[in-house]
Ligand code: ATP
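First, one chain by itself: the form predicted on its own, in structure tokens.
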Amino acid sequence: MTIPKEVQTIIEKLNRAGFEAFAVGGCVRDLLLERMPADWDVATSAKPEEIQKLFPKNFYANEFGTVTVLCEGEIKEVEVTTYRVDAQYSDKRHPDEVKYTTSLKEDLARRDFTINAMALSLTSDRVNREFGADIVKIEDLVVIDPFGGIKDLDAKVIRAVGKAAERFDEDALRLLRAVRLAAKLGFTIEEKTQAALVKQAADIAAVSKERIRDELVKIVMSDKPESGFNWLQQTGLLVRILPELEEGVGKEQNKHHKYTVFEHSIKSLQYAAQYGYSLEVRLAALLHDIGKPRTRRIKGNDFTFYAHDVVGTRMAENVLKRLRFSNEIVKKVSHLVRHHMFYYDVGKVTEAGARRLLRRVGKENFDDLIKLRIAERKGSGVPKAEPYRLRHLQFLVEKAAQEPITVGELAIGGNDLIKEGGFKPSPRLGGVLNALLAEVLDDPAKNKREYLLQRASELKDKDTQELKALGEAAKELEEKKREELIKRKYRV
């Protein structure tokens, strides 16, 4: 647990100039959790113009007193911010006025959660005198913890600094941040903080779609996204930011599923996270059955969801566009949702059928479609003998997608033999090329222009049918070798 030298250098330079400076916020939290901090922040008593004089290599300073200092090393930039206290937040996102202060404790008091309201000092000399009971020493670290952040880290609790209602009223994005941190860290949300979150959930409407999207992405990409979406649903945030997903709450499914539509969706997402799948696959896992509630019909003693994949595709596209996802992500995720119901049964789908599936889905999307199917099958709660079937489909599709073995793989072609080998366009020309292909398939090192031209002159007078047969036999053998490799790859 050490502060990177780039951050230490900045703090020391500020200290030598007579200013206080501490590492603060999420980097302190992550360091104490023995996680690698994503970024580093420093709080200081120096004013922005004083920071800029000390660090002329900065590329911007914002209206909230933050100067971004460029570094040369593993840490590329560090945000250095003047201690401040915030005035009223009329728009529930930004302070109407920023006032600087000389008090670190006042600066920490304006922060969102206790686990983010701690500071690290490089030395305990002056800190011991100024902060007294707020000092906690952990190994070589001197932690200033006026709001019980370390205690909440140990208890795995997300708790607002001071009055939760005031913290959420200052910045409505904190409503989502509470859930995101709980999902990221595997924590719970403290009772009073949760109560305020529920009461003020409607304030999320004040936050831009882009900021909501960014927080949702962090939840989706966390280790515990199922927990995160459960928190969103329980606190009333889900119905306000993803009402389409909320429609699946309490909606029972058919005998192929143990869980409700909503439970199945977030469990599918959780499995996608467990396997380390990409953002697009995770989003598709979350949204693949979003069309089920609107297509749910009773048939006998069961439910049907005819065309839910088609309806769900339009809904997923609308959701992602509303949240300002990129066109590429919208296209990819909606495409996966559209095709997640593909049929496959060993022995019933031919290679031609596999090729048709590959054309519909696209070679570039096929692996992700398989990953989606694995996640949603795992998320059904009903054991299925699916892995072999999926592996067999992957084998069949990869086999069908293999480029045909042709003389085009040779380092020379027919025109080379005509121009340099004295050949004329004839069946013999094709026979010689097939014979050369047979040799190259047996020993790829022979696929060199000089060797092939020399060898062609030696084969020039051989029987045409014999030459052709050599090539066909070699191609058949090579195809069998490739097929065996693919079989072993997918264990079929």
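None of these values were measured; they are calculated from a predicted model. Sequential numbering from 1, following the sequence displayed.
The form predicted in complex with adenosine-5'-triphosphate (ATP) exists for this protein as well; it is not shown, and the discussion that follows is about that form.
Task: in the model of the complex, the one of Glu398, Asp145, Asp112, Asp368 near adenosine-5'-triphosphate (ATP) [non-hydrogen atom within 4.5 angstroms] - done: The residue from Glu398, Asp145, Asp112, Asp368 that makes the contact is Asp112.
TODO: Scan Asp39, Asp443, Glu466, Glu49 and let me know which has any heavy atom within 4.5 Å of adenosine-5'-triphosphate (ATP) in the model of the complex.
DONE: Exactly one listed residue reaches within 4.5 Å, namely Asp39.
- [ ] Would you check, heavy atoms only and a 4.5 Å threshold, whether Arg177 touches adenosine-5'-triphosphate (ATP) in the model of the complex?
- [x] Arg177 belongs to the contact set for adenosine-5'-triphosphate (ATP).
TODO: Examine Asn116 and determine whether its closest non-hydrogen atom to adenosine-5'-triphosphate (ATP) in the model of the complex is within 4.5 angstroms.
DONE: Result yes; Asn116 sits at the interface with adenosine-5'-triphosphate (ATP) in the model of the complex.
TODO: Answer for Lys218 alone: is it within 4.5 Å of adenosine-5'-triphosphate (ATP) in the model of the complex, judged on heavy atom distances?
DONE: Contact check for Lys218: yes, within 4.5 Å of adenosine-5'-triphosphate (ATP) in the model of the complex.
- [ ] Would you please decide whether Glu376 lies within 4.5 angstroms of adenosine-5'-triphosphate (ATP) in the model of the complex, comparing each non-hydrogen atom pair?
- [x] Answer no; every heavy atom of Glu376 is more than 4.5 Å from adenosine-5'-triphosphate (ATP) in the model of the complex.
TODO: Report the stretch among 104-112, 147-155, 310-318, 237-245 that approaches adenosine-5'-triphosphate (ATP) in the model of the complex to within 4.5 Å, counting heavy atoms only.
DONE: After filtering at 4.5 Å, what remains is 104-112.
Task: Neighbours of adenosine-5'-triphosphate (ATP) in the model of the complex among 14-43 [non-hydrogen atom within 4.5 angstroms] - done: Heavy-atom contacts within 4.5 Å come from Gly25, Gly26, Arg29, Asp30, Ala38, Asp39, Asp41.
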